[in-house]
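One chain is shown next in structure tokens, namely the form predicted on its own.
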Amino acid sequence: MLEASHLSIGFGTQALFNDFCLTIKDGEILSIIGPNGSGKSTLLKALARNIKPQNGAILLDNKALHSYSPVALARLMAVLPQSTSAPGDITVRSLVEYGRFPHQHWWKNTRKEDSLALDWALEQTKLMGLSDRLVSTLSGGERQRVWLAMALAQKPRILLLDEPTTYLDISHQLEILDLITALNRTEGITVVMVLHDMNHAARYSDRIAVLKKGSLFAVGTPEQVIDVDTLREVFHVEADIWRDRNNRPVCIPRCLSAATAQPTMATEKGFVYDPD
């Protein structure tokens, strides 16, 4: 279990989070959504121990995150940031191999174990046939799979992803999200990801945490939190909410809400459609 307990985070005199609490359950996919500036990436960085809270704590298995050594934490948690870069002359296999560093010991030969983990990560991300290619020659979707493979090579229990579909076209977005979901279901990896597309969050998440100005506006299943009121109060838009064939909400924004535009009678309530 990963938990933010009474978290306060600020930058200089500006406070972003104050007494913030959120519990992530083992084995779930939890997506964090919210408007720009709501603190999504900041929260993920705090969960990854890249930002030190002013007050409160991040707990992993009821143990303070800061009490773990960097190596011990890297064996449990992998992070895929929003922006990534690699040397132009590095191959796919060499980059993915960096994920094995937390498991290597100077006194112990881990070559066989590392090789098995490396092959597994490449197979899971369908990169085995590209393992000798230079990363710089790959497409955007392929490069994103390489970075995900490096994270998987750590054999983590928890995977933190900051906007993993950024800059990808729709087919590659679905490819990455389908892969993440499959890994969660087959390997039991807990996934926490920041997403901008709430329809993706609704489709792929077990639960969604909605942030508004550094506070937790709502947390629950997609059906519980993706509704007309959330769209209006958090994102300041009026929207229709449909239901797909799996009864997951699908959001179709129509116009700005009264917070940013003059409402009309047609924008007072959202429309909900349930397919047969």
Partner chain sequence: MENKSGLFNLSSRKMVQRLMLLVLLAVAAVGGILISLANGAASIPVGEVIQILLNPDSTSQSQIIWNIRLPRTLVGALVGLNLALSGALLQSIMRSPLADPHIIGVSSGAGLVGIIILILFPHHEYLLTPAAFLGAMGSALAIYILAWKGGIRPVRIILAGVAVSAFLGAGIAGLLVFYSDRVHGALMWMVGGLSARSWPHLYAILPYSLIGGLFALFSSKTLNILELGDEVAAGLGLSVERSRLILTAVAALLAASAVSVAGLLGFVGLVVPHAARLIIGSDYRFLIPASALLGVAVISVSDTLARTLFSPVELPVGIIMAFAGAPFFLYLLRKEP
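From a predicted model like this one, the values you see are computed outputs, not experimental measurements. Positions refer to the first chain, counted from 1.
From this point on, the text means the form predicted together with the partner chain, which you will not see here.
Student: Could you work out which of Thr91, Asn199, Thr181, Gln124 is the residue within 4.5 angstroms of the partner chain in the predicted bound form, going by heavy atoms?
Tutor: Going through each option in turn, the one that passes is Thr91.
Student: Find the only residue in Leu168, Leu138, Ile176, Leu95 having a heavy atom within 4.5 Å of the partner chain in the predicted bound form.
Tutor: Only one listed residue qualifies here, and that residue is Leu95.
Student: Counting only non-hydrogen atoms, choose the one of 130 to 138, 200 to 208, 168 to 176, 183 to 191 that falls within 4.5 Å of the partner chain in the predicted bound form.
Tutor: Result of the contact check: 130 to 138.
Student: Does Ile158 reach the partner chain in the predicted bound form if we count a contact as any heavy atom within 4.5 Å?
Tutor: No, Ile158 sits far enough from the partner chain in the predicted bound form that none of its heavy atoms falls within 4.5 Å.
Student: Does any heavy atom of Ala74 come within 4.5 Å of a heavy atom of the partner chain in the predicted bound form?
Tutor: Result yes; Ala74 sits at the interface with the partner chain in the predicted bound form.
Student: Though only this chain appears here, would Asn50 touch the partner chain in the predicted bound form if you measure heavy atom gaps against 4.5 Å?
Tutor: Yes.
Student: Find out whether any non-hydrogen atom of Pro70 is located within 4.5 angstroms of the partner chain in the predicted bound form, and reply yes or no.
Tutor: Close contact exists here: in the predicted bound form, Pro70 approaches the partner chain to within 4.5 Å, heavy atoms only.
Student: Would you check whether the partner chain, in the predicted bound form, lies within 4.5 angstroms of a non-hydrogen atom from each of Pro81, Gly99 and Pro102?
Tutor: Result yes, every residue of the spot touches the partner chain.
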